[in-house]
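Have a look below at one chain only, the form predicted alone, in structure tokens format.
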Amino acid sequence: MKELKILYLYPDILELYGDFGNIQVLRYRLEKRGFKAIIEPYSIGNPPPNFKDYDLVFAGGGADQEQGILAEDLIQYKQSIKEAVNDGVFFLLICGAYQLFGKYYKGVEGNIIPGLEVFDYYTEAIDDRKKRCIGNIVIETELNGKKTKVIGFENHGGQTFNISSPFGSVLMGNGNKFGDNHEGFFLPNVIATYLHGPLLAKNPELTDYIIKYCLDRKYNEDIILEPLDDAFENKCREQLLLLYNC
């Protein structure tokens, strides 16, 4: 039986707005096709993980306080994470995790939380704590040469700059910063985004992109995923996109 090994970073701390649902969706769509999902959590105090041993690494969102705590722990794995990214391991990073993989996060009081510097972007919070990029959001991205709309929910005060390769174009919402035309950061094996919701529950096509990438890489095959019955999910998407006028 083919399997995917997934590392779930800090499930006890990085879990805003149902981000754990992304793990549940990945497991469900793998197992419905006869693949095995091995989910291994890592948090502070656990034995050090070898990031290159995994097919997919997932980390969810967290507030400034949590990011400061986690940055101190995560920084020890900086080189191992960089090597895993360069080796093609897939990384799905939501909100706070997205920010931590950049150069730094500058808080409201001017405090600097050092990032892993895996990527060149950086994030700075605005002075007014009450002013946030918050609400439903729709972006358009391209997956394997096909355009698709991705639906989510954003809630972030941090404004992310110096994005070289965005995840998608904003159709509704803010994106990386107030009124931005782009959202997130994207490489073939990296999706870093502010979209909560959970992201994958609302976007089965995106989930399958990630699953196929990981399976193809692991088994060196062009694996054809068996279609699943996504009628309910697609109906929900149709209604949301109609409501959002997207």
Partner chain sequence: MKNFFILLAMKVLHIGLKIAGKNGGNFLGKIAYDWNPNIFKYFKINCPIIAVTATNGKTMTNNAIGYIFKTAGKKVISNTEGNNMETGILSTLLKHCSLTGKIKADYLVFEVDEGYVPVIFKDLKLDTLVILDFFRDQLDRNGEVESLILRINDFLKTYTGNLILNNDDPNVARLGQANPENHNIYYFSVEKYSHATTDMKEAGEGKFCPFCNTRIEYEYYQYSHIGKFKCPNCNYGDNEVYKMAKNIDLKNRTFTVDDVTYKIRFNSIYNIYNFTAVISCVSLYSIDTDIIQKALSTFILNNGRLEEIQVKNIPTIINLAKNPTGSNVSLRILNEDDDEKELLFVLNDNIADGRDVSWIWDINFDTLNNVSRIITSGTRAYDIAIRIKTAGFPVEKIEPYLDLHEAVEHFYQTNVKKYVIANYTSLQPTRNEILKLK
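Positions refer to the first chain, counted from 1. What you see is a predicted model, and the numbers here were worked out from it, not measured in a lab.
Here the subject shifts to the form predicted together with its partner chain, a form of this protein not shown in this document.
Interface membership of residue 245, defined by any non-hydrogen atom within 4.5 Å of its partner chain in the predicted complex, is ruled out. In the predicted complex, its partner chain sits beyond 4.5 Å of every heavy atom of residue 177. Within 4.5 Å of some heavy atom of its partner chain in the predicted complex lies at least one heavy atom of residue 13. Of the heavy atoms in residue 126, none are within 4.5 Å of its partner chain in the predicted complex. This chain is displayed alone, yet in the predicted complex one of 161, 153, 77, 104 has a heavy atom within 4.5 Å of its partner chain; that residue is 153. For the candidate set 136, 169, 165, 148, a heavy atom within 4.5 Å of its partner chain in the predicted complex is found for exactly one residue, namely 136.
Stretch 36-44 is the contacting one of 184-192, 36-44, 211-219, 49-57, since its residues have non-hydrogen atoms within 4.5 Å of its partner chain in the predicted complex. In the predicted complex, the residues of 199-215 lying within 4.5 Å of its partner chain by at least one heavy atom are, in order, 201, 202.
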